[in-house]
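Quick setup: one chain, the form predicted alone, written in structure tokens, and binding and motion questions come after.
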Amino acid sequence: MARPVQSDLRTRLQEWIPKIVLAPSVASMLIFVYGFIVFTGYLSFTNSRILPSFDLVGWHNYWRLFQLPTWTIAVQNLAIFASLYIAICIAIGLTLAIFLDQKIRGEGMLRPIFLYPMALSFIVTGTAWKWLLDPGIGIEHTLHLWGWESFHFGWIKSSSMAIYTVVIAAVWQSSGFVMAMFLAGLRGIDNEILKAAQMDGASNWNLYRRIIIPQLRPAFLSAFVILAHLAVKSYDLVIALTGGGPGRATELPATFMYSYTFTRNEMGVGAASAVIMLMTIAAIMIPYLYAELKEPK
């Protein structure tokens, strides 16, 4: 009788030990991620200022939010930044992936070079590009020292062009990651299909346009979702690169949320902006997840 009891006990331990080990992580995630999301949603309906308040004011904070010119500027900047960031990253990433897929020499060396920027934090990227783009110490100053005194590149100091410097830095960091996604998709295409098309006389242009790129649809969708998510929550890159300036030229919803919550002591309005950002990301993620679940395996 002892052996069956020991065997049963061992089986139960094998079932419960993974659950016991994972329980603290799951509990922490439920509390510190989803719990605080719910709490932020609740704060957006209160008159919270410096500290959380539990006096409900309904939709007042959302009404105030969309009346603020600063929020309008932040949303407009996000539209410019996100559209350029996503489009350029996908274009560069796809081009690099096609280039590397030609089985060129040195591919093993080039891949990590292109991927390296993604290993850096956005704070490091923003600081490095701030130095590069600063007219006093960066590229412009260096070219002046080399004798090209007519060269001027002061976008980071211009209220009309500063948002494009954020695009440059973000594209530099993320395009290598997008390249890796497309390269994985290219390597997953059945070579027999490509050989059959080539035997039928398909040119390289038609091969990519009609066969290869359409089969990269999952990679395009994944890249779009990831880049859109990064664009909406962009904060540290902007703070390190421009600080949201000059003026409000590079203000984004994430920097707006932080400033109104912790600097202007408008926690209710800041929470409302955070909820809008969450809804924007959810509007991107939910259709993607639904499509993935519905796709036949």
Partner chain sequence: MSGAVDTGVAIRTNRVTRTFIYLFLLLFALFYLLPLAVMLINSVKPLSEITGGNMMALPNVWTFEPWREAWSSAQIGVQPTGLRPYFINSILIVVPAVAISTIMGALNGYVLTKWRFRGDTILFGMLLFSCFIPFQIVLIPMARVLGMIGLAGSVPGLILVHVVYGLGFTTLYFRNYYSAFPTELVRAAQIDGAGFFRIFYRILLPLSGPIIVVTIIWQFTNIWNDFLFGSSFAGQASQPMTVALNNLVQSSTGVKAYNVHFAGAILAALPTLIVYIVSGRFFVRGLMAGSVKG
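Numbering follows the first chain given and starts at 1. Take the two forms, superpose them, and find the largest set of C-alpha atoms that agree within 1.5 Å; that set is the rigid core. Predicted, not measured: the structure shown is a model, and the values here were computed from it.
There is another form of the same protein, the form predicted together with the partner chain; it is not shown, and what comes next is about it.
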| item | value |
| --- | --- |
| Heavy atom within 4.5 Å of the partner chain in the model of the complex - the one residue of A87, L115, A79, M161 that qualifies | L115 |
| Contact check for F99, R111 and A254 against the partner chain in the model of the complex, heavy atom at 4.5 Å | yes |
| Contact of W148 with the partner chain in the model of the complex (heavy atom, 4.5 Å) | no |
| 4.5 angstroms heavy atom contact with the partner chain in the model of the complex for H60 | no |
| T165, heavy atom within 4.5 angstroms of the partner chain in the model of the complex | no |
| Contact flag, L43 vs the partner chain in the model of the complex, heavy atom cut 4.5 Å | yes |
| Partner contacts in the model of the complex for 14 to 30 (non-hydrogen atom within 4.5 angstroms of the partner chain) | Q14, I17, P18, K19, V21, L22, P24, S25, V26, S28, M29, L30 |
| Yes/no, N265 Cα shift of 2 Å or more between the shown form and the other one with rigid core fixed | no |
| Core-superposed comparison between the shown form and the other one, Y34 Cα displacement 2 Å or beyond | yes |
| Core fit, then V21 C-alpha moves 2 Å or more between the shown form and the other one | yes |
